[in-house]
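Take a look at this one chain, the form predicted alone, written out in structure tokens.
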Amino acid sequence: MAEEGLLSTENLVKTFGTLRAIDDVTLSVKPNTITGLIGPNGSGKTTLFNIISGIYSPDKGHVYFDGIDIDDLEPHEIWSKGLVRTFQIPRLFQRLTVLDNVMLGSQGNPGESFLGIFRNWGAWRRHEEEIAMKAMEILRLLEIDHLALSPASDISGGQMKLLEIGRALMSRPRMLLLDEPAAGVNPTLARRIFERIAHLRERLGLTFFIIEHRIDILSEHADKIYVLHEGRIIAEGKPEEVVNDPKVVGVYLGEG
């Protein structure tokens, strides 16, 4: 049984044919922490995130969020509980502005009900203004508010990563699963992204579980790191402990 945390998994197993992609994974992410997940390509990191976020159902085991078993819930139900994820390749609406993309992340938007707009036009307008103000606040937190009216297609890859985080924040999450938020961007911007993540943790009290290949940058901010190899957790602990673990050095860093 995993130690108590905001998010925990217990003996998770997921197979695809003869491949045991996730093999008896038990872990815990404590509230208001930044927890990292590293491992070689094909180790099962994204599969684990897909199970936690409801895209896949586990063959065995359980996922708990705030003490509630969520492994049978649909992705939108998990999202509505405050557990929100991003993807390695940002899934943005390229023709919409940066501001519009963030606004689309809001829960309970009355614009989702076509008839509701006409029944109370004034209330709908006020709600839209409130959402726009909230979206601008988030863009300022991420330091990309100067791009608010730019089409999403015109911003850089790193800015797209921040934009996807901003859209996730619009749903007022308690915890974010980030799949390689610094992938494909230069080291300077990668560090800026992680600085923003740390700022959001402190400013909003958020919890983060992050897949990341850049161990040096992750280690600067993570409270704890798990290492996944061939579907199993082979090491866990503080960053300095993990990077010096002989098993990690052997199978992940490729040294020794």
Ligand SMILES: Nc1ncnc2c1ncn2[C@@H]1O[C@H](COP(=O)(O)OP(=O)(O)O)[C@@H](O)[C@H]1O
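So that there is no doubt, residue numbering starts at 1 and follows the sequence shown. Note that the structure is a prediction, hence the values are computed from the model and not measured.
Here the subject shifts to the form predicted together with the ligand, a form of this protein not shown in this document.
The partner is absent here; in the model of the complex, the one residue of 28, 53, 33, 46 having a heavy atom within 4.5 Å of the ligand is 46. Candidate site formed by 139, 157 and 188: none of these residues places a non-hydrogen atom within 4.5 angstroms of the ligand in the model of the complex. Residue 21 belongs to the set of residues with a heavy atom inside 4.5 Å of the ligand in the model of the complex.
With a 4.5 Å cutoff on heavy atoms, residue 58 does not count as touching the ligand in the model of the complex; it lies far away. Within 4.5 Å of any heavy atom of the ligand in the model of the complex lies no heavy atom of residue 205. Remark: residue 88 counts among the residues lining the ligand in the model of the complex, judged by a heavy atom distance of 4.5 Å or less. Just one listed stretch, out of 216-224, 190-198, 65-73, 38-46, contacts the ligand in the model of the complex at the 4.5 Å heavy atom level, and that stretch is 38-46.
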